[in-house]
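As structure tokens, one chain now follows by itself in the form predicted on its own.
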Amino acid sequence: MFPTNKALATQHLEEFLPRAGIDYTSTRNYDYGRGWRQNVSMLSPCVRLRLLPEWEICRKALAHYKISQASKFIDEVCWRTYWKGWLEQRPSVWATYLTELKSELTNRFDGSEYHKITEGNSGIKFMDTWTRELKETGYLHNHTRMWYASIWIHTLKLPWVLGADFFMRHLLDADPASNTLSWRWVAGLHTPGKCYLAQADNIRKFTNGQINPDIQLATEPAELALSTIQPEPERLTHSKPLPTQGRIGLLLHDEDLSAASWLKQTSNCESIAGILPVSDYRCHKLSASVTEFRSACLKETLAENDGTYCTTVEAVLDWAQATKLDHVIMAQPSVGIWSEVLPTLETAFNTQNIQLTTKRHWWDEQLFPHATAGFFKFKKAIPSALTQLETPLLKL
């Protein structure tokens, strides 16, 4: 269902762009059902890995439309940037989520109702339909994700962290920021005093009458502990200058495959490799389909760049030693699973006197600092970023 190389992803985007203006604005919230998704791009798994990065999608949209005509499409693309920037400034929210998840799985949760829902055997017909689609395809329409999370939290009274984990393990496009923070928003933890309550009339309308909820949906939010209300944002650290001397290697990872383009162009790289931290993904119980999709995208990107595919830190170190590297450069990974991988990687390189330097793309450097509050404050910074899209490499 989803492209695993940039050429096919770009072709898919070009085919969708004629519908990215007023058609997208008026129909994007409709989930017409599995097999009929022409009203949305279905490219979110490619955006998640930056096989198609946000700035390239926006640039192509603006080649077809004025900003005002494509504003809703551009907003939806930029939500992922917003979530990532927000979490970069509050990394403790991810750490707290992992702690609460472990507690729910091991201490307080008996799992009976949870297992019925996650196995698609709850007896709630429409929830089971959505569960099967999620597990079989790795995808759910965005509006359906909101309904699903709301019913999980407020109607079924299941812990939000377990729902976020379920999505994280099966959605091809899930990243720690957009997935975790979206669940927090639905729960009422992201913006205190605001939550999302699914309504039967809304579900009927936006499924074109295909789904008529057969249970009474909550009309009041669930009572949740407020221990996970967000802390104040921390100051973002700026990227260090890239090395200019010695033998330099580029290390790709599935958090930002676009580095094969923009970061490669900034340095005279002797060699390229890529790492998929498979053992860490197993620890977080990512589904085989998620890992296989990421692996396929990374492998195809490496094949286009004559790169070496690795799944362990030891293999990456072997590559660096075999090519006699002095420096390794890589795109700065986002807060999440890579928060555990990166320190291990840095330690391994340090033992061999190899310098590791990470770099953010100018898009992130410019927009992340504006993700301090809600999206609508962040949105005010988007036009400034869009005006720079005609210059292909800025402030690297």
Ligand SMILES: Cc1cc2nc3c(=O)[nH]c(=O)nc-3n(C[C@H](O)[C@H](O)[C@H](O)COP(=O)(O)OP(=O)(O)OC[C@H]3O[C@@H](n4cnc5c(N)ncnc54)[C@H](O)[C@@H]3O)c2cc1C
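Just count from 1 along the sequence shown to find any residue number. Computed from a predicted structure; not experimentally measured.
Separately, the form predicted together with the named molecule exists; it is not shown, and the next lines address it.
Check Y139 for me: does it contact the named molecule in the model of the complex (non-hydrogen atoms, 4.5 angstroms)?
Flag for Y139 set to yes.
Applying a 4.5 Å heavy atom distance criterion, does S44 contact the named molecule in the model of the complex?
Judged by the heavy-atom cut-off of 4.5 Å, S44 is in contact with the named molecule in the model of the complex.
Closest heavy atom of E76 to the named molecule in the model of the complex, within 4.5 Å or not?
Close contact exists here: in the model of the complex, E76 approaches the named molecule to within 4.5 Å, heavy atoms only.
Should W86 be classed as touching the named molecule in the model of the complex when contacts are defined as heavy atoms within 4.5 Å?
No, W86 is distant from the partner.
Looking at 263-271, 90-98, 180-188, 244-252, which one sits within 4.5 Å of the named molecule in the model of the complex if you count heavy atoms only?
So the stretch in question is 180-188.
Using a 4.5 Å cut on heavy atoms, which of A259, V161, M127, A174 is close to the named molecule in the model of the complex?
Of the listed residues, the single hit is A174.
Could you work out which of A331, V40, I337, A371 is the residue within 4.5 angstroms of the named molecule in the model of the complex, going by heavy atoms?
Partner contact (heavy atom, 4.5 Å) among the options: V40.
Please determine whether each residue of R80, R145 and A149 possesses a non-hydrogen atom within 4.5 angstroms of the named molecule in the model of the complex.
Judged in the model of the complex, R80, R145 and A149 all sit within 4.5 Å of the named molecule.
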